[in-house]
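Following this are structure 1 and structure 2, which are two forms of one protein chain, each written alone as structure tokens.
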Structure 1
């Protein structure tokens, strides 16, 4: 009786250190998990300094001890209270550091509305236009007394001031222009970047009356280029463009739609070449990263571990980082984007291919090895016939992924539709952005359906 009481007392004491208790019971993995989770919660509590985190740490410890006692005396597990405490700590800190504000999307919806409207009106068709442009130089900022500015003789454009500060309100008037023409106002900064003049978040569009007149007020946009700010006492010359526009001829596909189609073709080609080159390299490397192929001796096991390390390290680097590296190395364009995808795809496919090789049926391998075949013959006749369907399936899946990745890599100069999309976003050309988004979505949907059908037939 005393021995049982002593054993129970020892178990109760050991349960106060759950990590040790798990280890003594043979649950080494659970012991390591408990140790690292404890360190993580302790680190969060020390970092943020909140009382509730220390409470979570205490509840995690108590919950783990409770689980140990249940395992000792009832041979069952009750780990969920401890897990709940750990989740509260992790998600609580995550919520705090991300500064989540659930009301912000509703409170600031008015700022997003103009962009949503533009995105719902993609630039798909074009009405050929006759366009006459009047240009009025505007000095920014004002370094002298503002004075009205007039250009033209018979057809005149008058601006209330020839100089302005960002955010100023200017009045523009047109006289004796062509009647019935649409009027668009554009602002051009000294380095040639153009943007439409907005009012209420939408492009300001007017029309000349029967006498060829129009009047409008607008707010001077923020258009001074970053890094080109004028020094105190100096100014830059910006340009207010007044476009008189009239539709002529039949409608046709817009320039944005044509460019999206061409760039999507370029994007698909980048992904196709990257995937093909990656497969050529990854397929043979995958055999070096398969334990059942390379586990025969110490040198081959060393090669196996080095290859697995290579796959894991390269896969951990985002394709966009590779894109930046190759843009610096070989310059802007599709070639840099393709090389970035090749580097990442080699590691990703190598890891997947090696796992396929590791999970093949060992029967054919043992049978051919028993005949005295060497390692290359075993791979040729026992391994390759089993892995071809899965290799083909993963290759198609990777091509699908690379099409999506190539869009993102374009943002750092890797060519394809992403490069053009980044330019349109920078210029606030959201109708063109909507066209690109639609094109990307349609291509991804089509490729996803096609690759799934091919994979289904292969597998």
Structure 2
């Protein structure tokens, strides 16, 4: 009876130390997990200092003990209370450090809107136009009695007042101008800042009639330069520009479209060159990283492990990081971008290739070795014919990836379309950004389709 009580006491004690029961049962890994989870929750609680984390820790503790007791007395395992407590702690802290703000995407939608709108009207074509500009000086504010103002002799522009102030309504009329022209109104302040005159939020656009006449009313926009407000009794001279615009000649691709096409070509070429160079290096290295080729003796196995380590370490570095490294090393531009892709691709392809080599059918290797062929001949006649299709397929796939990657690498200065795109984003050139994004998407879809078709043929 006494012994039994002792045994119960021991069991209770064991259950109080998380993981100890597993350790005693011989599950070392599980007990280690238990130990580290306990430490992790404790660490989080100490770091963040939240009460709910201490509660989680307590629940974890109780849950673990409960599990151990269930194992001792009921022969079942009840893991879920402990696991749940641990998950709440980890996800809770994760949520907190990520500063998740579910409303931000909605509240700040206006930041995104110009890009989305621009996607519908990318800068694709340019219509060459002929433009005639009439300039009417307007004094701001009025220091004299407002007088209508007319400029020109045969072709005349008349403004209802030669002076005005922000928010005033002015009337502008044109006489005997060239008929059938589009009319735009622009406002230029004394330091040369130009803005299109709007009506109801959209640019005011008119048309001259068959007599070359137009009439428009508009509101004087906010145009006083900050820090240059006129002193009382003085005025500054702004300019109302009347543009007569007519499209002439053929439409042609916009500068942005041409730029995107050229840079896209550059990007594909960078990716192609990088992939080719990477294959040239990775293909021989992959044999050194294949267990079935290198497993023979201890020195070759050492090379195998080194190769594997090299592939894994280099592969785990993001191409973008390589991009930054090479921009510092060899300077801004496509060369840096290409080197970054080469570095990452060597490792990525090297690993894939060596797995292909490892999975070849050993039969032909055996058969060719049995004919008295040397090691290189065995590789040439038994290994290479088996791996060429997979190598080609992975290479194409890598090219495809590299086109996408080189866009990203461009952002850190690695040339190609990415570099131009990052500039346009910084300049808020929404329509050009849209052109670039659409161009990238189309090229990648096309390449994806192409490479999958070719891969299907060769495998």
Partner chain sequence: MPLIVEHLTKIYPDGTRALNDVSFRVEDGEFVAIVGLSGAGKSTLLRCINRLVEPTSGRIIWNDIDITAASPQELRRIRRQIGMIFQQFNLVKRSTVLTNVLSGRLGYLNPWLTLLGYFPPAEKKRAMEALERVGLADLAYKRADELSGGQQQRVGIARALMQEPRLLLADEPVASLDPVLAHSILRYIEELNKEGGVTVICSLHFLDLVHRYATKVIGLKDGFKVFEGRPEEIDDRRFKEIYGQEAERIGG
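Small disclaimer: the values here were computed from a predicted structure and weren't measured. Positions refer to the first chain, counted from 1. So that the term is clear: the rigid core is the largest set of C-alpha atoms that superpose within 1.5 Å between two forms.
The second of the two standalone chains is derived from the form predicted in complex with the partner chain. Put the two forms on the same core and the Cα of residue 25 is off by 2 Å or more between structure 1 and structure 2. The Cα position of residue 181 differs by 2 Å or more between structure 1 and structure 2 after fitting on the rigid core.
Relative to the superposed core, residue 133 undergoes a C-alpha shift of no less than 2 Å between structure 1 and structure 2.
Once the two forms are overlaid on the core, residue 43 shows a Cα shift of 5.9 Å between structure 1 and structure 2. Its Cα shifted by 18.8 Å, residue 168 is compared between structure 1 and structure 2 on a rigid core fit.
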